[in-house]
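Starting off, we have a lone chain in the form predicted alone, written out as structure tokens.
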């Protein structure tokens, strides 16, 4: 074990259960349970992280009673879920990890709450539950817990955070009752305490019981940190709770803080776990909140801020994080970028969880650890283009035993990821390029930088297979999906692309208009970057709002917070002409025309053009030819890097 880890890999006793190390995976939705029944896909997903060395895996929130179809949660109340949950537990146990499962009552999300209250998720108003209905909820916890016992789980966790039903009862914002379930803090806790007791009756003394607890709602009038500490003390003093997993904020109001992206510091919620640990004497505390570095996790434990750390997104990105850290291979850990696009961002579109950097997420059975097979015929593979798609293809091909050479015309690897990482708050994006480059170095891939490849060059190299990963560049002429035609006047010298501005090939003047028809982070990032230089910046888009392609309650709030007061946002507007320093703009609804004058620089962020010229030149000239990444499909918005990595990984397995 690496000497720098004195705490992280020590065992932890949680009630009657001993966990092999202090690395946890917190409950998180996957959408791998169609119709509420756990699937093999779900079992392989969790087993992959157990195989990778995680100590504690807590299966995602399972609903305790019938709810609306819009909440596709595992139906723990239905005994038909038992076989699927048993397979999850068995496969996790097979690799030495401990397996808990979280139970959730959804409260107002299902139309019935502690009090009559509007719900921000559904935009509906829930009615107040009767005492009899609350008592039935408590019984549902008991029945569901019984099913978890039958499924072979090691512990049960009550979800009392993220806006779940118990948090709604705990919160003075949601709970306006005047009976035994409302009023003082102690009375508001009655539902949670009754649920704890009912679950303990079912699971007995041999399973652990914990609470995922929101200890600071961070909304005026809500639960304060001091309230949270008192709730923690009360739960510990029941003698029935074995641990607390500490959270802050409320969903969906502050989901951008709960599941914070790269704009937020690592460990941003650890303060809450530390505050709870300060007031407890007997039970352990789990910390969470963008803890992605094992060294940081070790420090949290060493400083006494928590007893265990949840490194959830980090282990989505690299299931082997624990094993690699234990072996001292920190540089081999595939980094979580914190972009939130392919994990929770996909969930919010109704798609199953995935990952920007890990192409095996959700398909571990086929692409997971130990599934990569040596090539039956070793080939001389030429990869042209050193962006993430080219590097991932080269990495996988080399792992399979092919002789791989990679050529990149720039002096550095990384492609457009390098430019994206220059935008404010986006430096962590570069992590995937750095990791891939390190892996290629270990695999002895023959890398050539500063060399542009032509068809004649390919002929001279005589490869068995050629992979063209030459990327894409932003349209110089303003072509976009809305108009399907260039913007008149795009040829002027004061018109620039994002690449020209970020590389310094062109210098923006004092007054800048960014024409953004992608709805993504590039236009917004450029606006902040330029505004911080003292420029006067306006973003114009035909979309209903600037940043329309961003994950609404995860990325958008942070980006807007960074530019408000610094950048002018102009939606519903299309630029039709650039004439010297005057732009003609029309409202896309009323077609009213106006002029934007005295503009020094226009930056066109309207989409990207795939560079497939080499691919076309090589057709019919090489034995095997492939096109991958932006050179194949240029994606200008969310999921772009993730799609490129996934497609490249599959290609590397096929060559």
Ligand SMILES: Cc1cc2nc3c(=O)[nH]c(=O)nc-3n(C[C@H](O)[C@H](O)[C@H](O)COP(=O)(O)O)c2cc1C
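Positions refer to the first chain, counted from 1. Since we're looking at a predicted model, the values are computed, not measured.
Beyond the structure shown, there is the form predicted together with the named molecule, which is absent from this document and is the topic of what follows.
Taking the partner from elsewhere, residue 502 is found to have every heavy atom lying beyond 4.5 Å of the named molecule in the predicted bound form. Contact annotation for residue 258: at least one heavy atom lies within 4.5 Å of the named molecule in the predicted bound form. Within 4.5 Å of any heavy atom of the named molecule in the predicted bound form lies no heavy atom of residue 75. Although the partner is absent here, residue 41 is not a contact residue: none of its heavy atoms lies within 4.5 angstroms of the named molecule in the predicted bound form. Between the named molecule and the residues 212, 188, 147, 395, the one pair within 4.5 Å by heavy atoms in the predicted bound form involves 212. Contact with the named molecule in the predicted bound form, judged by any heavy atom within 4.5 Å, is made by just one of 467, 322, 391, 311: 311.
Of the candidate stretches 343-351, 79-87, 523-531, 130-138, only 343-351 has residues with heavy atoms within 4.5 Å of the named molecule in the predicted bound form. Contacts of stretch 151-172 with the named molecule in the predicted bound form, defined by any heavy atom lying within 4.5 Å, are made by 159, 162, listed in sequence order.
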